[in-house]
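First, one chain by itself in C-alpha cells, the form predicted alone.
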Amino acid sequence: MRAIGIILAGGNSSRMRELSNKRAIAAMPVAGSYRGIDFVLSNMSNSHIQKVAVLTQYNSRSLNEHLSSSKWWDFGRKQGGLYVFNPTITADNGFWYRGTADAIAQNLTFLRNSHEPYVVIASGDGVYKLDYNKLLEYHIEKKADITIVTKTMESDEDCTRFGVVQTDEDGRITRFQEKPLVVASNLISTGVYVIRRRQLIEMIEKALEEDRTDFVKDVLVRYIDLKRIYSYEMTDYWSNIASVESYYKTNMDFLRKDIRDYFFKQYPDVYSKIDDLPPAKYNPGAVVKNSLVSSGCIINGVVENSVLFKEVYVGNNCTIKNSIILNDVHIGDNTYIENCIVESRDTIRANTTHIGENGEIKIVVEKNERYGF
C-alpha cells in the first residue's frame, strides 16, 4: 500500500479511573486474549501497510513490552517494520508530547525520511476492522485533502466524548465539533485519518510555529473551511474503549456470537502476541455459561456472562456474573463478584462480596499479598 501508518497510543483518560493507573489505554486487555492496539495493528498489516510508527507516552511500559517483537503482526521485515517512538529529550526540545500534533511534530524525521505519498493516522483505542486500501481509494476519488473515518452512533450513545461532524450531500465535512456539550449530530469521528504525507508535514510545521499542539483542534477544525475534508463512513462494528463504561460494553459485546464470528472467524484476522500457556482447566463442579475463558485459567466455581483473561484462578464455591476479570487474578473460595471489573494481578480474599450497584461498574483493586495467607 502507498501509505505509512502512525498510531497515536500515548494518551490517558480520567474516564478509565483506576484502570489507567497501570497501563496506557491502547494496552488495555480486550476479548480475553488481545490488547486494544492489536486491532489497529492488524488493520495496518492486513492493509499491507509495511511501515508503522507507534507514538507512546503515558504508562508505556506494558505497551512497550507487548510491542517488543513485531513478528506477531508481520512487521518483522528488512524494509519498513514497526517503530515505537517515546518522547526524546534533545538539544532543541525538552517536552513530553503535549498533544497529538506535538507527538507527530517531535517525530517529523520519520515522515521526512519516508517515501510513501500517504499517511494513515489512527488511535490505538478503537476496536474495529477496516481495509485502509478502500479508505485510500475513496480519499483519492474525492480529491480530498484529508479524509476522516466516521461512524453513525446509536441515539442512546453519549457522543459528547467524541468529535461530532456534519457533512453535505457529497460527504464533505462542513462542521467539526470536538467533544461538544450539546451534539448537533450522531455522526462521530473514529480518530482515523488519511492525508498526503507532504501536506501533513506542512500542517504540522505550521502548527509547531504557532505553538499549537492538538491535531484535532489545531489542524482539522482550523482547516475545515480551507481544505477539502471528507467523511468515510463505517458501517461495520466499531467501539472505543477510552471509558470504563465503553470498555465494559466492548468486552461484553464479544459474548455475542455474531461479534465473535466477525472478528475471529471472518477474514481478515486479528493478531496478537502469543503467550505459551496451557488451555483452561475446568475442575469437577465448575459451571460456565456464555463466557469467554482464556488460556491458563483454572475454574472451580460458577462463571456466567463474563470475560476471564489469561491465568485467572476461580476458587471453590465462587460465583462470577456479568464481570470482567483481567490477567493473573486469584479469586479466593466463597467469593461473589457481579457487575465488576477486577484489576490484573489482584488477589481477592476468600469469603468476600463485590457488586456493582445501580447500573455502575465497580472496579475492584485489591493490593493483597497473594501468598500472605
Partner chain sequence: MIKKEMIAMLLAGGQGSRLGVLTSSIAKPAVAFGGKYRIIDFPLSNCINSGVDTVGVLTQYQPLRLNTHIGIGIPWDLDRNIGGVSILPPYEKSTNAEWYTGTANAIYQNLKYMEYYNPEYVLILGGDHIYKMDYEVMLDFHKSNKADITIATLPVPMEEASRFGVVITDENKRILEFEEKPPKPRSNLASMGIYIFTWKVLRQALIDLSEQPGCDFGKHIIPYCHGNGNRVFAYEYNGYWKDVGTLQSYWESNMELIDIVPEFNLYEEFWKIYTKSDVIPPQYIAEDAVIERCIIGEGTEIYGKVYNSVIGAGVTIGKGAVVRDSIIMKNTEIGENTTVNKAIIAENCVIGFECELGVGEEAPNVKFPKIYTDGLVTIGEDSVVPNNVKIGKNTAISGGTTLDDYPSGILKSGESIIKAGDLK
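Positions refer to the first chain, counted from 1. Source: prediction; values computed, not measured.
This next part talks about the form predicted together with the partner chain, which is not shown.
Have a look at 118-126, 193-201, 144-152, 297-305 and name the one stretch with heavy atoms inside 4.5 Å of the partner chain in the predicted bound form. It is the stretch 297-305.
Using heavy atoms only and a 4.5 Å cut-off, determine which of L67, M28, A31, I331 is in contact with the partner chain in the predicted bound form. Residue within 4.5 Å of the partner: A31.
Counting non-hydrogen atoms within 4.5 angstroms of the partner chain in the predicted bound form, say which of L82, L136, V219, L292 makes the cut. It is L292.
So in the predicted bound form, is the partner chain close enough to N113 to count as touching (4.5 Å, heavy atoms)? Heavy-atom contact with the partner chain at 4.5 Å: absent for N113.
Though only this chain appears here, would D92 touch the partner chain in the predicted bound form if you measure heavy atom gaps against 4.5 Å? No, D92 stays farther than 4.5 Å from the partner chain in the predicted bound form.
Can you check whether E169 is within 4.5 Å of the partner chain in the predicted bound form, heavy atom basis? The answer is no: E169 has no heavy atom within 4.5 Å of the partner chain.
Contact of G76 with the partner chain in the predicted bound form (heavy atom, 4.5 Å): G76: no, not in contact with the partner chain in the predicted bound form.
For the stretch 272-305, I need every residue with any heavy atom inside 4.5 Å of the partner chain in the predicted bound form, listed N to C. The stretch 272-305, when checked against the partner chain in the predicted bound form, contributes S272, I274, D275, D276, L277, P278, P279, A280, K281, Y282, N283, P284, A286, V288, K289, N290, S291, L292, V293, S294, S295, G296, C297, I298, N305 at the 4.5 Å heavy-atom cut-off.
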